[in-house]
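Below sits a lone chain in structure tokens, taken as the form predicted on its own.
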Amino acid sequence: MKVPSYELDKRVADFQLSLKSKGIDGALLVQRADTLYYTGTAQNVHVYIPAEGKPIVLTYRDFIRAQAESSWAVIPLKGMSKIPAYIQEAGHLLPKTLGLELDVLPVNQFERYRKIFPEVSFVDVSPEIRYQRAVKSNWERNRLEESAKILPEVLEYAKNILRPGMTEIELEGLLEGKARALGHGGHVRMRGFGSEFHVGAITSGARAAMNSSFDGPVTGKGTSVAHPNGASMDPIKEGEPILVDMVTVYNGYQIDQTRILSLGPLSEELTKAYEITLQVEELIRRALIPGRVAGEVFEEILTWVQENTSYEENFMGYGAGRVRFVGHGVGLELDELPTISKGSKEVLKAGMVIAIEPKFVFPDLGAVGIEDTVIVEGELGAAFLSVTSRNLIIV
């Protein structure tokens, strides 16, 4: 689906207002999610956005596809050293102050820009980009709602194929294949340095309680020391919680959800803990009100868990593996702003999309919890974008 020109116009205009307010003459962007956001194409491009005037899209490859997908002027890029000339040929003055995505830009590439623009002062515009992208338009909300329709069908499929002795990796492969057949794009984008992500964490029993490198409450055992997160080669047993933490992507937009399945009933303690996560999720959803500070919401939820449950030490992991967040922004990337985390100063705004994920993790038993993607709206809290049933799935 092509991004409509009115959507790109609004994104660029809002970014230009930010540039002008900070005295920045223009920005040169190369990170894939950012260039997709402002140009409408995921081809290999540089995009120059002046503080005033129209952007230019400089394309390594593929020029034909980028030209068909973007509503801006698309120019074949025949070498980075020519970028200043392209800017001038498009009718723009060379910038004196140039914004770059310094949170993700490789040092070698930054050094090349210093040679290309020897008289320019460079500044970081990644915070402005990330805060802008945190607030979704109605068009983006529609894309997220499309993505949310995939998981309910995937879980119905899971009920039919799940059986004792099936390995975690077999279940993951079958569920991913079903999701792909329903339109799931497959590639989950992340911004963080060194971050790697596949379909999610589809893991069961004690393996779901294993700590690992990924910054999440549940990571799974993985298949090897080289891939230490997610599904393993181990078999799924009856009576243990099967955590399906799965990201679905449609037209580039990601929905993050978690549901719990089991072969036969769960123990009374795990069932009780799961029911508490439903309460916690509702508390988080109602607390996501425009104007509230994200870190204050986190502390409020943590205090509730401490005062109203006996599972404080198991909330969002256990021991050294506990994480200090209960939600994260999601959209074109999985690790967007805001984060509902300890110390976060981000102020919630209407239109922010957040995956909220209260979970309890028990050593030697496994993990239970829920995750849904919501959108901040008004005084009644956030609205669910996820449409999947929140009941335990007992097969």
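When you see a residue number, it is the position in the sequence shown, counting from 1. What you are looking at is a predicted structure, and each value in this text was computed from that prediction instead of being measured.
Missing here is the form predicted together with a further copy of the same chain; even so, the following discussion is about that form.
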- Check each of 290, 321, 84, 152 and return the one that places a heavy atom within 4.5 angstroms of a further copy of the same chain in the model of the complex. 321
- Among 72, 197, 274, 315, which has at least one heavy atom within 4.5 Å of a further copy of the same chain in the model of the complex? 197
- Query: Counting only non-hydrogen atoms, which stretch in 303-311, 140-148, 187-195, 266-274 is within 4.5 Å of a further copy of the same chain in the model of the complex?
  - Reply: 187-195
- Is the gap between residue 342 and a further copy of the same chain in the model of the complex 4.5 Å or less for some heavy atom pair? no
- Is the gap between residue 117 and a further copy of the same chain in the model of the complex 4.5 Å or less for some heavy atom pair? no
- Task: Using a 4.5 Å heavy atom cut-off, state whether residue 349 contacts a further copy of the same chain in the model of the complex.
- Result: no
- Task: Report whether the minimum heavy atom distance between residue 106 and a further copy of the same chain in the model of the complex is within 4.5 Å.
- Result: yes
- Query: Which residues from 208-235 come close to a further copy of the same chain in the model of the complex, meaning a heavy atom within 4.5 Å?
  - Reply: 210, 211, 212, 213, 214, 215, 216, 219, 220, 221, 223, 224, 225, 226, 227, 228, 233
